[in-house]
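Take a look at the C-alpha cells below, where one protein chain is shown in two forms, each on its own, as structure 1 and structure 2.
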Structure 1
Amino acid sequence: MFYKTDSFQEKTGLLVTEKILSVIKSGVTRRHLLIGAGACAASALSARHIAAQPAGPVPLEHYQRVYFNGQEWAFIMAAVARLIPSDGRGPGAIEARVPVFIDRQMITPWARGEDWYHQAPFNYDAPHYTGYQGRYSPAEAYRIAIPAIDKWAQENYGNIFARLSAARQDAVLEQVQKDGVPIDELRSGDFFSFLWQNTKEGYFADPKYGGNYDMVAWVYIGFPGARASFLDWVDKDNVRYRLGPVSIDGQRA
C-alpha cells in the first residue's frame, strides 16, 4: 500500500470509499486530496469531482523505471515514505512522486559523477572537510548501499527494509544516517546524504523532473514556483502573495 488513508479519514471525517481509493491508487493524486484538512471543502471531494479530473500519471507500481531494479525500487518507495511521510498536513514523498524523480536523476551526469573530480586516490573515510571523497558516484552509491542496508536490516530486524514496520524503518534510517551500517568503501551517512538530498529535491523541484507532482509541495508551503516577477509586491509588507504556483511548462495549481 502506498497511500495512507487513515489520516485522510481522520482529518476530513470522510470515509474513503473504494472508488476514491482506487482513483487515488490509479495516480490521480490531486492536491485537494493530498492536503486533506481545512483548505479543501468536502464538496471538492465528491467522487464526481474526482472522476472529472484528467487522467493522472502511471501509478508508481507500474511506472517504467530507467535505473532502479526491483529491490532498489522497493527500498526507495519505503524509505522516502518515511523521510517525508504521507500522514499529517501536507503531501508525502509518495504523493509528490519523489521515487520517479530519483529514478530519473540516476541517469543524469550529476548522478554518474561526471561533473565531479573523480580521480584516484580515493579516501572514503577521510575527514570530510573537503567534501565526499568516496569512489562511488551517487548512482553507484545507491546500487551498493541498498543491498547492504537490506542485509543489515535482515540481520538485525529479521526482514529487508521495505517489509519492516514504520518504526523499525525509522530506526534503520537513523543507523544509516549516523554511519552505523557497514557498506563496502562507503560511509552509510554519505549514502543517507544523497538519499535525503534527492528526496527533498524530488519534493521541491519543478514537476518537469518527475517529482513534486501537480506542484503539491509548492502549494503546501506557499512557493509560487516559476512566476519570477514580483515588482508589484515589493512594498506589500506582511501580506501573503496572492497567486498560486506555475511550473516551467506552464501548468497552474
Structure 2
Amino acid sequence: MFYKTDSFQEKTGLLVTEKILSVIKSGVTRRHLLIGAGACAASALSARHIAAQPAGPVPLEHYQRVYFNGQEWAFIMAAVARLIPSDGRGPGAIEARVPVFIDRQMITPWARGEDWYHQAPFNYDAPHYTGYQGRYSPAEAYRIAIPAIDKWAQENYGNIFARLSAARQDAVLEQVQKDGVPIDELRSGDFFSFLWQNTKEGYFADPKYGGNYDMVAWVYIGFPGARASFLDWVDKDNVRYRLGPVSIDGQRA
C-alpha cells in the first residue's frame, strides 16, 4: 500500500504500524510480536537520526555576511581564490571557506583597530617591514581599498576585479602589492598585507573562526590540530602522524 505523507518520519511511522498490524493478524506469539515491534521501532529511530543529520555549509554565494557588502564580497571571493587557488595540490581558499573567516574578522577588535595608534603624522614612505602606518583600521582599509582597486581595474583592464580573467586578476594583485594602485590615504601594499595575512589565517586557523572548513588545510599538511596529548609520538622522529586533526570544539576531520 502506498501512503502519501509530508515527511520521511511520517512515512516510516505508517510502515511500522502496518508491519505490527500484519504481525497481529498472522497470529504469531507475543514474543515474536515484541521482537518485531522492537526491530521496527529501532528502524524508525535510525531513520529519524539519519534525517536529522546536519547538512553541509551554506554555499558562499548565499552566506549571510556580517560586514562586507556585495561588491566587497565579490572582490574577496575572487582575490582569495587567486592567492590560494583551487587548482593547486591541496584545497584552495574557497574550499576552506576563507572568505567567511575574513568577513567575521572584520567585526573583531583587531579589525576595528581598538589597540592601534591612529594619530598623525604617518610616514607613508616607510618600508613595509616597519609595520602599518595609517589612520584607518583594517576593516576601514578593506572598505576604502576595494572600490579603489575595482575602479583602477575598470580603467586599466575594462572591468572590476571580480569579473576579470584569472591572469588579469593576478596582474592587478601584483600591482596592489607593489603600491601600484592609488588609494586615498592608504598604500595599496598595506591593504595587500592585510588581505594576505587574513587569507593565510583563514586557511589555517581553527574552523570555529569560519575558515579551514572541515579542517581541510590541516589534513593537507598533516597538522594534528588541538589534540591534548602527544606522549605516544614523542620518540617517533620522521614518522608521519597517522591520526587526523581535531578542532578546538572536539570535531574530528
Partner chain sequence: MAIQQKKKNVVIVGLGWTGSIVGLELAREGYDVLAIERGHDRNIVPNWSYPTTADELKYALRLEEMEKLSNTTVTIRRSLSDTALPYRQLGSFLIGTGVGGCGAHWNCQTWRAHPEEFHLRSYVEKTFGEQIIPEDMTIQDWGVSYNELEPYYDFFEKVAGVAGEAGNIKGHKTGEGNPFEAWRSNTYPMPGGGVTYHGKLFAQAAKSLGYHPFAFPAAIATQSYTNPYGMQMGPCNYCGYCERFGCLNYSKGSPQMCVLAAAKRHKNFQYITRSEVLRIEKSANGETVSGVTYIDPEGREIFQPADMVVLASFQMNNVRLLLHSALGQPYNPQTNEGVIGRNYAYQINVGSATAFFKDKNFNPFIGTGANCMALDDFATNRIDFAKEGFIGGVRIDCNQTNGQPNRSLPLPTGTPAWGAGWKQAIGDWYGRNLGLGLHGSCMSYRDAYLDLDPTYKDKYGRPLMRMTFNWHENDIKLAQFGSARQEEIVKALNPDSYNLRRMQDNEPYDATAYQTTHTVGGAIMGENPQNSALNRYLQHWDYHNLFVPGANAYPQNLEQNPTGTVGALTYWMVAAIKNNYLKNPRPLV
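Only a predicted model underlies this, so the values are computations on that prediction, with no experimental measurement involved. Each residue is numbered by where it sits in the sequence of structure 1, with counting from 1. Throughout, rigid core stands for the largest set of C-alpha atoms superposing within 1.5 Å between the two forms.
Note that the form predicted in complex with the partner chain is the one shown as structure 1, not structure 2.
The Cα position of residue 155 differs by less than 2 Å between structures 1 and 2 after fitting on the rigid core. In a rigid-core overlay of the protein, residue 114 has its C-alpha displaced by under 2 Å between structures 1 and 2. Residue 167: CA moves less than 2 Å between structures 1 and 2 after rigid-core fitting. Here the rigid core is superposed, and residue 124 then shows its C-alpha moved by 3.6 angstrom between structures 1 and 2.
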